[in-house]
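Given next are two forms of a protein chain, the same chain in both, each as C-alpha cells and marked structure 1 or structure 2.
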Structure 1
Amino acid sequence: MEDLKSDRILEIKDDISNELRKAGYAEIGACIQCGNCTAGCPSGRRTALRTRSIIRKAILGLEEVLSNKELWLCTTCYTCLERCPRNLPITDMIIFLRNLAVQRGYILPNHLNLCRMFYDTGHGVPINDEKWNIMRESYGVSRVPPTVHTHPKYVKEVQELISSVGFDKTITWGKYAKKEEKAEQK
C-alpha cells in the first residue's frame, strides 16, 4: 500500500509562532482549540473569520494566516480574550499578527491611506473641511480644537516620532499603493 501524501500542509514553518513567542505570547502553545473564541465572536457570525483557526494557523506558522483578509475583520471587541478558558490574550495576539502581516506587506489600501492621513495631520479623522470649524463654533467650542490642529509644530513632533520608530517606511510604501490604485483606475 502506498504511503499517504501530504497534500494539505506542504511545509510547516515556525517563524510566525516563534515571533509570537519572542513578543511574549509563548502561551499560544497552550491553546486547546476548544473554539470558545469562535463561538462568541460577533464578526464570525457574519463573516468567514474563525478565531480558533487563526490561532491554529499561527501555531503552525502558516503564512496564509497573515495574507487572509479575515485577519482584518476582527473588531477587537475582546470577547474571545475574556472567555478563553486557557486565559490566552487572543485579541492582543491577533493585533500582533496584524503587525507581522503589515511587515510582510499584507495591508489593505484603505488602511495605508489612513496611515498617510495620520502622518500628514496627526489625526486619524482630521478637520479637512472648514465646515467642521463652523460647526464647532456653532456649538460654542473653540473654532480650532486645542490639539495638533493648533500649530504645525505639533504635527512635526508626531512625524519626527513616526520616522524615529521607522513606521514612515510603511507609509511611504503607502504612497506607491496610492499611485498604483490610480493607475488601475485609469
Structure 2
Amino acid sequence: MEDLKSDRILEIKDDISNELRKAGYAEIGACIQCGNCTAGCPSGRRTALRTRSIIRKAILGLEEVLSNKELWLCTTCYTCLERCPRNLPITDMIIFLRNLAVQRGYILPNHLNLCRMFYDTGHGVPINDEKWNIMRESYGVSRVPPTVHTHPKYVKEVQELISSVGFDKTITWGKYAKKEEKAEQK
C-alpha cells in the first residue's frame, strides 16, 4: 500500500465510512490490512487496482477514494471475499463505494456515456455495427435482438423507470465528465 502522507490527504470525511456502516457494512472496521484481497486480485495483476488501498481509504473516510479511478477497475469476481481471513464483503463494499461515487458526481466518462446510451436507447449494447448483425444471422438468430431495438415503444418506459429513481439527473453531470469536456474544449 502506498504511504499516506499528510500532504496527499485531500480531505477526511467520516461520512464515507459512516455511509458504509449505515448500509450494513459495519464490519469494515474489522479489516486488518493483511493484503490478501490485493494479492489475490486478478484485476490487480494487470491494472493499478490495489483493493487494500481502497478499503483503507474508505475506513479513513478519505474523499479521494470516490474520485480514484482504481475504484472502477474491480471486476467484481469476489476473489477478495474468498481470500479475506475476516470474511469481509469487500466486493460489495466496492460496489457501494461506486454507487456513492456516482451519487457525488464521480463517474468516468465512458461509464457516463454508457448510462446516457442506455437512457436514450433503452439498451446498453449498440447494434448499429453491420458485423454484429451478420454474426447474429450466422448463429441463426434475428439481426436485431428482441429488446427495445425491435420494440422501440418501450424505450419511453425504460426512461420513465430511470427517471422514477432519479438516475436521469445523475447521468447529466459528473466531475470526471466535466473535467474531460473542459480538456477537449482547449
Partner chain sequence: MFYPNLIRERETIMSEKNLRYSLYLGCVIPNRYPFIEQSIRNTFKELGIELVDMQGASCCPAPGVFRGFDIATWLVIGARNISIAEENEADITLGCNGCYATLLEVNHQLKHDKEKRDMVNKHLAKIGREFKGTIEVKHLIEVLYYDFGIDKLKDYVKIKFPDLRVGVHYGCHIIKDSSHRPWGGEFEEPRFFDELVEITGAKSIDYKDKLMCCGAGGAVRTASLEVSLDFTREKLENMRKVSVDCCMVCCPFCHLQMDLGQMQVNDKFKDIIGESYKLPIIFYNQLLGLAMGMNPGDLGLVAAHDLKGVPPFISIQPFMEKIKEQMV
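Keep in mind the model is a prediction, meaning the values are calculated, not measured. Here, residue number means position along structure 1's sequence, counting from 1. What we label the rigid core is the largest C-alpha set whose atoms superpose within 1.5 Å from one form to the other.
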Open item on the list: Can you tell which of the two structures I gave is the form predicted together with its partner chain?
Closed with: 1
Open item on the list: Given a core-based superposition, decide whether the C-alpha of residue 156 shifts by 2 Å or more between the two structures.
Closed with: yes
TODO: Once the core is aligned, please say if the CA of residue 127 is shifted by at least 2 angstroms between the two structures.
DONE: yes
